[in-house]
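Next up: a single chain in structure tokens, the form predicted alone.
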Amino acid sequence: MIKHLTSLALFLMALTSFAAPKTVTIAAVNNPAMIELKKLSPKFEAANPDIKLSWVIVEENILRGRVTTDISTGSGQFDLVFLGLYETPIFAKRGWLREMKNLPASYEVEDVFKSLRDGLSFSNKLYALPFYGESSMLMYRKDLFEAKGLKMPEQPTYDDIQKFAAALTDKSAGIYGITLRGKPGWGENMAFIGTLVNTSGGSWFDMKWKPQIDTPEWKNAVSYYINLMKNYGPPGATANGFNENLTLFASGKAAMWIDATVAAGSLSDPKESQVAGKVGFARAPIAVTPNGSHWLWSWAFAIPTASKSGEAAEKFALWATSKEYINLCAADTGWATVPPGTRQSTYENPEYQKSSPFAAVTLQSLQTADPTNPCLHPVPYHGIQLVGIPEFQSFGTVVGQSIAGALAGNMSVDQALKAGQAAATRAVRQGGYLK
């Protein structure tokens, strides 16, 4: 009798163990493309009943902090995380990420743009799979331009932007000439401001790692940005990041917006945008040099080495970044809103070309963004809107906070840049870069 009970207990335990799905906890950013992925993810769970997905979706500044803390401490809270071209090689070098190896032939990894594969690798090994890729560009209201008799040049300049913004601002009608990121953070306001500094002839450091934040080039760029926003931008801009500006532009409250190319799909979707069909797309503006005038980024899936569900996490990452998922997304919301910027096959697809008037500008921007040559003069770092060293996320955010303070009128541009210069100097001196 005891023997039979023991056998039954073992059988029930085995059955329970077999039936219990493996939970994959995902840390992701709260943007439209990710919300769509979460919406479609039950299809993955239905095809993989042994895997259960648990989502933690937050705004990007919070995401970066939580992911960095979790991965660096090895706490294993997350099984799959959203990272970018900045964090992936740094975290991989420290042994914090699991290599994405032995990918199935059906994944067609060679179809993924090489610039993204390279940026998400360390020592020629891939550590993250790109969900979407982006550069930056200028989005503008074609109808408002036509009404004012304005014509967008093929390659706009920042002088053009100032003139257009002045002509298009109609605050009595609730229309601002331009909206730009003002929310502080190395990946928020500094993503745009970094490109503005680059094209204005500035850089974060010279070849000896001396910070350049208190130089005339930075002062000219930041003064231009603040004057533009104060005269022609929306109030309360220091609260506006990507999502807030997307809402402003999609609701018809701004005539121009310089930001991520990924926004174009949402702006072209009549279910999400009041200005769908009225938006033009142009290259990011330039000032004294085209170098570094538009950024390169990817939100990508990576697996922390401390993950308790690594195999299941990889299975979902493969699905979410596959051609199969792109087709699934197209069937759900249309080709214009599929995750852009990752696969050559997407841009060769006639359906995508026909439904996405922004495709050519996006592709051209992605192909010409060069993280190895981001400035007018040579620099010792890799990255366009970022500096590829671990210390950047700290001092980059401090600089962003100082510039946001100047935008809010709490300090002068000179004071903001002086504070940024001091923060960057401390960081690179402590890191051993500056002797």
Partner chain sequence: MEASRKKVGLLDILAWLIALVLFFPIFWMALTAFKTEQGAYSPDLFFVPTLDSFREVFARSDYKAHALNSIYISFGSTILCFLLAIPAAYRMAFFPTPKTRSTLVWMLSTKMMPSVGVLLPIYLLAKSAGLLDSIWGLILICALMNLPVAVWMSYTYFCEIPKAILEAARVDGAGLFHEMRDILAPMALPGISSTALLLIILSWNESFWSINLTSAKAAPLTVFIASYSSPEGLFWAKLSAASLLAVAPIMVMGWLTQKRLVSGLTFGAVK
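Residue numbers count along the first chain shown, from 1. These numbers come from a predicted model, not from an experiment. Here, rigid core means the biggest group of C-alpha atoms that superpose within 1.5 Å across both forms.
Separately, the form predicted together with the partner chain exists; it is not shown, and the next lines address it.
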| query | finding |
| --- | --- |
| Candidate from Val56, Leu376, Ala408, Leu40 lying within 4.5 Å of the partner chain in the predicted complex - any heavy atom | Val56 |
| Selected contact from Gln155, Ser345, Ser123, Ser251, since only one has a non-hydrogen atom within 4.5 angstroms of the partner chain in the predicted complex | Ser251 |
| Answer range among 315 to 323, 360 to 368, 279 to 287, 127 to 135 for contact with the partner chain, defined in the predicted complex as heavy atoms within 4.5 Å | 127 to 135 |
| Candidate site Glu146, Asn327 and Gln353: all three near the partner chain in the predicted complex by heavy atom within 4.5 Å | no |
| Non-hydrogen atom contact Asn30 with the partner chain in the predicted complex at 4.5 angstroms | yes |
| Glu272: touches the partner chain in the predicted complex, heavy atom cutoff 4.5 angstroms | yes |
| Exercise: Phe78 in contact with the partner chain in the predicted complex, heavy atom 4.5 Å | yes |
| Heavy atom of Ala260 within 4.5 Å of the partner chain in the predicted complex | yes |
| Sequence-ordered residues of 55 to 71 touching the partner chain in the predicted complex, heavy atom within 4.5 Å | Val56, Ile57, Val58, Glu59, Glu60, Ile62, Arg66, Thr69, Asp70 |
| Did Glu391 shift 2 Å or more between the shown form and the other one, C-alpha, core superposed | no |
| Core-aligned CA displacement of Leu296 at least 2 Å between the shown form and the other one | no |
